[in-house]
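In the form predicted alone, a lone chain appears below as structure tokens.
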């Protein structure tokens, strides 16, 4: 049987090479060449407009509410805080029973948040208008994995939640019953990140992980429909292009990359000789022209998506930038850092 295994291994490698050759045949032109005629971006000034202080340890994750104003963030000390980004007030705070709350998400309705981490599960807390209410009493455990929860997001309703985990899988859950609706197997190591496709584009999501691979999944069938393996290290963050036709990823290999789903290939690499630290988090501007990347050298790099050039570098955080999200209306973005703070930039 070891012989057959060896033969099958060689066969799969040969098929892989053939697929790559076929993929290469379709590749006629580079993105930056197509973009040469595009108007260059002018100078733009982005500054820290607000600093949110209150976490007692590393900020690990954040998410915006659809109301474009509130933010939920989670940190290594087990705290989950809901902020008003405009006034910087803390509206809700929950202390999780575990440290390293690596994932948090705002429900589409704005009436609940989900979070989890080293407790291997995803919990949903309904948010009430009564400031004095004990949120922990209404906590609902939704998802259970066999290893840490790395990311979570609600689908287009409050009723379903998508999770990724260090156990190498992603899963879709029913919030009410806690039932698993679909599981997604295909990564060979920890899954570190996921992002849901824009709602107009169909039932898919993308995930990335420690196997240096990103996978696009069909939520209904549980099948991986496309996968890309060009990074040289862990993929820490994936984010769909606003149209849903492409996605970007950020990796410990110090690059961000853009993958076109219709062309089924990598179309751009965002990197510089001087950037040697990993990218922990990526997100697009509303138009899709800019890609914001948070890095482990405490900086935020802003890339011109089409031309592949860096248009700005933002300083302010005093430790690695761990999470970064553009607000739903595109007027600002928020970054979270191991320096215990969040910053709103505009």
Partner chain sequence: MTINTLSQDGVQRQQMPCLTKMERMIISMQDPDMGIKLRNQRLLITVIPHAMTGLDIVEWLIKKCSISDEEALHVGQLFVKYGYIYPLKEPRNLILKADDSSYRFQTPYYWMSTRWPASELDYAIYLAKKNIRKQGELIEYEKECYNALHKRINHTWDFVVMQAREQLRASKQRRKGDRIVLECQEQAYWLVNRPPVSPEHYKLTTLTKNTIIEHNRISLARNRVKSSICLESYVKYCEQYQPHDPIMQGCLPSNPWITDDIMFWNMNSETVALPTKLRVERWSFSFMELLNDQMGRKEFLTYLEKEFSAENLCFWQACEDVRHGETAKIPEKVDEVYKQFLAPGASRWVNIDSKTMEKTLEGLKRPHRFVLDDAQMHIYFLMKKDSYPRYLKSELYKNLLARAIVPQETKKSVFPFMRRQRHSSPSPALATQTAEDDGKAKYSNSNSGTASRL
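These numbers come from a predicted model, not from an experiment. Residue numbers count along the first chain shown, from 1.
The next section is about a form of this same protein that is not shown, the form predicted in complex with the partner chain.
Remark: residue 90 does not count among the residues lining the partner chain in the predicted complex, judged by a heavy atom distance of 4.5 Å or less. Remark: residue 121 does not count among the residues lining the partner chain in the predicted complex, judged by a heavy atom distance of 4.5 Å or less. In the predicted complex, no heavy atom of residue 55 sits within 4.5 Å of the partner chain. At a distance threshold of 4.5 angstroms between non-hydrogen atoms, residue 288 is in contact with the partner chain in the predicted complex. Residues 98, 309 and 339 are none of them found to lie within 4.5 Å of the partner chain in the predicted complex, as judged by heavy atom distances. Residue-level contacts in the predicted complex: of 183, 134, 179, 141, one residue has a heavy atom within 4.5 Å of the partner chain, and it is 179. Comment: the partner chain is not present in this chain, but in the predicted complex one of 171, 206, 151, 246 has a heavy atom within 4.5 Å of it, namely 246.
Looking at 146-184, the residues that come within 4.5 Å of the partner chain in the predicted complex, counting any heavy atom, are 147, 148, 155, 156, 157, 158, 159, 160, 166, 174, 176, 179, 181.
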